[in-house]
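First comes one chain, alone, set out as structure tokens in the form predicted alone.
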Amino acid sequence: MESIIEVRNLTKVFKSRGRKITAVSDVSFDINKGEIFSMIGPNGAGKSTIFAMMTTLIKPTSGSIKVAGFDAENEDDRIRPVIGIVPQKLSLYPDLTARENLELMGNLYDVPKKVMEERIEYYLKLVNLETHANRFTGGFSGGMKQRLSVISAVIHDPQIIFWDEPTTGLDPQTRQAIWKLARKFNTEGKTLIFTTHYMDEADKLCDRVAVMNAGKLMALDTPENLKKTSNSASLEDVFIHLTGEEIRD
């Protein structure tokens, strides 16, 4: 399979009050083009730090990352147009309408006006927000904001979508809607990368799962293979077996 992200011997050390804290320690893996990939692990496992390095938000202490063939440390300006990021803390403007939020993101990425208008109509309909296009987003429900945040991240048609805890705090119906949207993007050829605390999400949605603990990569495989090799009935059991910790939402 063709790799779209290559992580090699990645290490990140932070300095805090005169101490050095190793958040990520010598981690290597590939993410295949067109797959749905997730990172799971307890709080402080290093998954959010890797997420931030892959999206060029912070630089590694050592090691390397290539995203779509570009070096994350030295070619971040080439990477940002090909990725979309759905943050855990939604970054919508409450005093703008849904349409205006999308237009703002499209303009930031220099999407041509005609193309942007077509995409806005398509995506608003895709997430059932077309009748709310001219409403201020400050009055939207949590689920509506989440759906709008997702399509804001893809208005420039990125190859890779990073989703940080995509369904945290959402009701079951909205979670299912987000899963459906993820699968839709994946069938269109996009690569999806998640961090999640929900084991059922990683199990049912993802092609492969990376288990992190204490800055190290403990295991990486399909959900089925992880369960087989750990002799576990569920991905939650795998998580406990590899990390020694219970799931905490």
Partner chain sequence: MDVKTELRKSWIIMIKEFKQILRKKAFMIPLFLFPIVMIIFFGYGMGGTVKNVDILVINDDTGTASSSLVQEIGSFIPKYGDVKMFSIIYTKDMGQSEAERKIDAGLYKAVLIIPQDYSERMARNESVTLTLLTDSSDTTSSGIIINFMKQLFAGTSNSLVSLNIPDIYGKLQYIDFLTPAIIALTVFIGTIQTMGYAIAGERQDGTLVRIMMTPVSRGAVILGKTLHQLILQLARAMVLIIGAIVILGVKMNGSWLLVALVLIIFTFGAVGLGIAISAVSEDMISFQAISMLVAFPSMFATGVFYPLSSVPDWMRWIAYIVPLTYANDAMRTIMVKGQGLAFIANDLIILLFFAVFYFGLGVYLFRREA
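Residue numbers count along the first chain shown, from 1. Small disclaimer: the values here were computed from a predicted structure and weren't measured.
Beyond what is shown, the protein has a form predicted in complex with the partner chain; the following relates to that form.
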Inset, instruction - Can you work out whether the partner chain is within 4.5 angstroms of a heavy atom in all three of H197, N225 and L235 in the predicted complex? - result: no
Legend entry - is_contact(S91, the partner chain) in the predicted complex, heavy atom dist at most 4.5 Å: yes
Inset, instruction - Look up in the predicted complex whether N107 has a non-hydrogen atom within 4.5 angstroms of the partner chain, and give yes or no. - result: yes
Inset, instruction - Give a yes or no for A153: in the predicted complex, does one of its heavy atoms lie within 4.5 Å of a heavy atom belonging to the partner chain? - result: yes
Inset, instruction - Give a yes/no on whether P87 approaches the partner chain to within 4.5 Å in the predicted complex, heavy atoms considered. - result: yes
Legend entry - Contact segment among 124-132, 67-75, 91-99, 169-177, judged by heavy atoms lying within 4.5 Å of the partner chain in the predicted complex: 91-99
Inset, instruction - Between 39-75 and the partner chain in the predicted complex, list the residues on our side with a heavy atom within 4.5 Å. - result: L57
